[in-house]
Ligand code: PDD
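Form predicted on its own, single chain, as structure tokens, below.
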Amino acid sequence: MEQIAYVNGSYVPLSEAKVSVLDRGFLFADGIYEVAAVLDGKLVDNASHLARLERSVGEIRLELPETIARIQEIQKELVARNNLVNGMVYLEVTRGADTGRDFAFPKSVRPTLVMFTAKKDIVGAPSAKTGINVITVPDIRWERRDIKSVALLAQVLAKQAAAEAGAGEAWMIQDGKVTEGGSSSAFILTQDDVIVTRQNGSEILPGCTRKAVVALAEERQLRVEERAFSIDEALAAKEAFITSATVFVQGVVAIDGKKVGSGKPGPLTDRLREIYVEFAKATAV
């Protein structure tokens, strides 16, 4: 059975899911997106993702065409219609399609809202056991990385460089410090057992999984410092890992071909992954 997508009020086969060539998401990357994980047919930490959606659209003065409650209803309906057990729901909202191409915001144009699902076994992913290698690349993105914009060209180039190097992720570097991964938040565990991840600000996206992992670690009296760290510090660390909605917690075992710690996902990384999966299953809606 063909996958079902949602486009501006209609549920349609994915092959028929289309928007105008004049849509501002296509012409200007004038839009926001979110990705929510699905476990056992339920949405993981979705309130956090929808809160970030509201913040991001607010930052670019884009009104949502539906209420947050209605958006969650659509997400759940897509999960049901596609018989999705494990995977993700992708959501994108743009400023809509005008009658021509003009940089200024159009008037009286309804925003575009599209959603679709994809299958993925996040919990059982082989890379969760083996860990991943990462490479480093310069961070060439714009200065408002806290907005979850669909303008992802810099991340595309970073992820392509990682793919060509046989790595699972790229860590982006600015002023000698790690900002974040191409599609993930970056963490290290220092030799004195401090979990370090960059503080929120305009330099990084406020990751929902990152936020949850930090809270879960602090609940267990683990030491967490939110600050920038260098690659040298990462290479000297006991462990390194990434977090995101589509990998949860995943060990980083090498950076630019140099081993991190034992060269395998460390015990804290594995434990945080277990804790997060427990949290995800217990709180999914």
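All residue numbers are counted from 1 along the displayed sequence. Please read these numbers as outputs of a predicted model, since none were measured by experiment.
There is also a form predicted together with the ligand; it is not shown, and the following applies to it.
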Should Thr112 be counted as a contact of the ligand in the predicted complex, where contact means heavy atoms within 4.5 Å? no
Indicate whether the ligand has at least one heavy atom within 4.5 Å of a heavy atom of Thr246 in the predicted complex. yes
Is Gly207 near the ligand? Define near as a heavy atom within 4.5 Å, in the predicted complex. yes
When the contact criterion is heavy atoms within 4.5 Å, does Val35 count as touching the ligand in the predicted complex? yes
Among the candidate residues Gln72, Ser183, Asn133, Thr190, which is the single one with a non-hydrogen atom no more than 4.5 Å from the ligand in the predicted complex? Ser183
For the chain shown here without its partner, which stretch in 119 to 127, 79 to 87, 99 to 107, 209 to 217 has non-hydrogen atoms within 4.5 angstroms of the ligand in the predicted complex? 209 to 217
Where, within 75 to 109, is there a heavy atom within 4.5 Å of the ligand in the predicted complex? Residue list please. none
